[in-house]
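Given as structure tokens, the chain that follows is alone and in the form predicted on its own.
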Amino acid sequence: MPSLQMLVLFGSQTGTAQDAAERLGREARRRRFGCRVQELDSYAVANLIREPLVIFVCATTGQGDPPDNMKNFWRFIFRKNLPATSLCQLDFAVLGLGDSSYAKFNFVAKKLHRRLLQLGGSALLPACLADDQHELGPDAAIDPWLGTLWEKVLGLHPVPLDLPEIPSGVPLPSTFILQLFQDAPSTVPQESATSSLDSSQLPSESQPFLAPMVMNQRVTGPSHFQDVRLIEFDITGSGISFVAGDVVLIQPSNSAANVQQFCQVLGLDPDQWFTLQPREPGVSSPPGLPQPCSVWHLVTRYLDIASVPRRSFFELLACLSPHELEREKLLELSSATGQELLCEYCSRPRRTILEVLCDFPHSAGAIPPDYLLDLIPRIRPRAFSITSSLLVHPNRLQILMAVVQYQTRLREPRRGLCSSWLASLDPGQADPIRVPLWVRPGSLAFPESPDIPVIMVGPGTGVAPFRAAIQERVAQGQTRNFLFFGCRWRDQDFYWKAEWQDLEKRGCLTLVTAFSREQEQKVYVQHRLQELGPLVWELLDCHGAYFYLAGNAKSMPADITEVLMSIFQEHGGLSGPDAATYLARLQRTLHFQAETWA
């Protein structure tokens, strides 16, 4: 009987926090602790008062926001009416994953740690603030922190001497057993996605809407370095509704060529059917996988073979490998001392799981099918700002998408899974192309009053949510729309040029442009904001304008914030501290909103 039942709860947006949580679960089981690992929002949070030990693993997204799968927990834990002794029996630790190039580095982990203390919890050790910017990645902080954590846990809850630790080279049992069919099943399960839904059941991740793609148009010039697409879907009969600022999630698939190569390397028959049987009670089947399922469906729709493998991938592959030389190399890549080597081999050149398996063919060919779901993460949906309004385009949903492709030292160019897949689809072919999607609220909310002006700063594809907002506002008679748009060249990547100019002529839009490459000195949207400082100040301070920012998260938000602070001081007559207070008030009252991405 395990000496302690641990609980690991995670909030993860891209999978990194989930990977760290699952690592914690494996390390607990090796130390003979019982351990459950689950998403924060799938956990009945009221049960926290009865948990003896919980490790929270949480990422920070956007501008200091919690991941989608912990937002309900976040709202609950910050209720003002929770007693200060709510968690007085709880020992806890917080592992945060963040990126120090963002202003609110690991904000969620820091805030959660403080809140758990306020509610009476006892922290086993200070929060771990892992940094994606570190040259060795998050593990540079996680490795030593975990060492200290286990010392504390084993000190409080020693394991009986007759339960030795399971060595790291011995694989733990797989989560699922794949029970293979001798022949194809007589009845094949229906696709979990659907092309028509009961109006009471809105599309979701567990049941996306299969939307016909009706347009896939390149909107950058033929000589422009980047392929950007305007893609339109028909959502008739879906029950989907959205407003400006909302986001569509799209579930991509692996390419047929990659699926075929993966099956060849692992010796899998794509036409083989199987059912999944969990080894332990309480483990639910993976979302989106039908029962029974074909190997082709599993590899095409579920296994993220085009992602860059994490350290845990190499740890498990080393355990499973029968080939001595390959196993030695895999152990080196998964060791704490081999992280620089792993970074050089995998992270920097963005080598994919499929490419790694091809580099270790003997190990790949010996992977038991039971371990596929433990070894390879699932394909995650990709979020896109909706760039159209239902008031202008009824039963249609549009996105503006840059096709991700870049070169590293590897011969093959690196390609974004979702953008490459969508770009490859041809809506003109005879059979309709259907794409699994669903909609959720975004982080931008626009004012309903027609009198309130809005200032929108959207360079490049960051303009996408603002086109939806402008279409919606103009259709409702709201004309005080100010758009700052930046791109490289007016004849190459000036998205919706004719549409903006028509709205300007009708008096519905004030458009300010910055074409960065058309003069010797580069000009960006922040320069245009500075030039129009008196107007920006008047709109914000005298007319209660809302200010919106969307685009790349690296340097642009900081540059825009710096310009705003300068405007507040120069044209508002505020001191530096007062300008910072003014900006904080705009953010608190949602008069300053940002939606940024890496």
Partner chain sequence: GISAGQLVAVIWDKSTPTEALKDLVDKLQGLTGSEDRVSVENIDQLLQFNNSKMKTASKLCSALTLSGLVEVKELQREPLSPGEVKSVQEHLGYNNNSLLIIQITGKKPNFEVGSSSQLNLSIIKKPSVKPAVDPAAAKLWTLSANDMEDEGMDLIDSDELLDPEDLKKPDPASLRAASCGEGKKRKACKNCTCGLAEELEKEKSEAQKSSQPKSACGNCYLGDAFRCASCPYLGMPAFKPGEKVLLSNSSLHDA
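Think of the rigid core as the biggest set of C-alphas that the two forms share within 1.5 Å after superposition. Residue numbers count along the first chain shown, from 1. No experiment lies behind these values; they were computed from the predicted model shown.
Below, we refer to the form predicted together with the partner chain, which is not included among the displayed structures.
Using a 4.5 angstroms heavy atom cutoff to the partner chain in the predicted complex, all of Thr85, Tyr102 and Arg409 count as contacting. Taking the partner from elsewhere, Lys111 is found to have a heavy atom lying within 4.5 Å of the partner chain in the predicted complex. Interface residue remark: Leu90 is counted as part of the site for the partner chain in the predicted complex, having a heavy atom within 4.5 Å. In the predicted complex, no heavy atom of Phe446 sits within 4.5 Å of the partner chain.
The partner chain is not drawn, but in the predicted complex it has no heavy atom within 4.5 Å of Leu483. The listed set Arg415, Arg528, Arg434, Arg115 contains one residue whose heavy atoms approach the partner chain in the predicted complex to within 4.5 Å, identified as Arg115. Listed residues Met565, Ile49, Val37, Leu539 were compared with the partner chain in the predicted complex; Ile49 is the one with a heavy atom within 4.5 Å.
Of the candidate stretches 165 to 173, 365 to 373, 495 to 503, 333 to 341, only 333 to 341 has residues whose heavy atoms lie within 4.5 Å of the partner chain in the predicted complex. Along 329 to 365, these residues reach a heavy atom to within 4.5 Å of the partner chain in the predicted complex: Lys329, Glu332, Glu340, Leu341, Glu344, Tyr345, Arg348, Arg351, Cys358, Asp359, Phe360. When the rigid core is held fixed, the Cα atom of Pro381 travels less than 2 angstroms between the shown form and the other one. Annotation: Cα of Ile399 displaced by less than 2 Å between the shown form and the other one, core superposition. The Cα shift for Gln476 between the shown form and the other one, taken after rigid core superposition, is smaller than 2 angstroms.
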